[in-house]
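What follows is a single chain, given as structure tokens, in the form predicted on its own.
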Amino acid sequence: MKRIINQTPNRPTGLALGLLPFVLVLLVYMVASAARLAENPNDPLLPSLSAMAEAFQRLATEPSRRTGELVLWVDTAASLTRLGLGVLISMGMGLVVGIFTGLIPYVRRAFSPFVTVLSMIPPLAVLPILFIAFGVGELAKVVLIIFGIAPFIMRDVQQRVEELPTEQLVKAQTLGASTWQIMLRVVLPQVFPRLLDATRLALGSAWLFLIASEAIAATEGLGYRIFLVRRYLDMETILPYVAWITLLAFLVDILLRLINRYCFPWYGGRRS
């Protein structure tokens, strides 16, 4: 008898199994929404899917009466700009610091404990400090994302560098490679796909810090809009925005995964 741990679903079955939890959650929501609306048609807690679709379409296609802008796209552009800046700067810092601390013992002894302690500080606890130090503009929001995910990426990249076979470094030195040549031609190509994986894992936290900063001080953004309409219990706007944020995060995750797959095809085989 073939054990279940050795059975792998085929592609159609795997796709169906992947969609099953989403379908179940959607069905549960539809049943709960229908029950509440049958009892009170004006109940704002669980709006119908059609009401949320209409609200989403209105935000995406109808200009705001106050500003004349398409609210959804203005919010999306503002949030993605902040997120992109924070993540890209964090990736650069994580790559540089991770390689140096992982490869050079003196740098590791000097900075690795500091990075470790830095990663233990709750980023949201320093949010008031960032607003005091950098103001309530864009800089504070980007710095919060960097403070939240850069130490994690640094530690992950450092670990990957330390895992490199010692034989590779010895052979490179035997062939006359300098420290800089080893960094650029031996370490960097093998670390970069790990950097993308670490970024994928940090994206969830990056979105959290972005939404938190926008909720406190912003005039546009996905997090700002959610916390703006919550005072009116406008679930017809909040739930579609949450779904939209989830879709954007999923698409970014897929993009990073595809970059890893096509630029570093050997990396998937090494992980498996």
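Source: prediction; values computed, not measured. We call the rigid core whatever largest set of C-alpha positions still superposes within 1.5 Å between the two forms. Position 1 is the first residue in the sequence shown; the rest follow in order.
Keep in mind that the form predicted together with a further copy of the same chain is missing from the display, and what follows is about it.
Taking the partner from elsewhere, Leu196 is found to have every heavy atom lying beyond 4.5 Å of a further copy of the same chain in the predicted complex. The closest heavy atom approach of Leu80 to a further copy of the same chain in the predicted complex falls outside 4.5 Å. Among heavy atoms of Trp73, none comes within 4.5 Å of a further copy of the same chain in the predicted complex. Taking the partner from the other structure, a further copy of the same chain in the predicted complex has a heavy atom within 4.5 Å of a heavy atom of Leu103. Shown without its partner, the chain has Met120, Ile121, Pro122, Pro123, Leu124, Ala125, Val126, Pro128, Ile129, Ile132 in segment 119 to 148 as residues with a non-hydrogen atom within 4.5 angstroms of a further copy of the same chain in the predicted complex. With the core held fixed, the Cα of Leu15 is displaced between this form and the one not shown by 2 Å or more.
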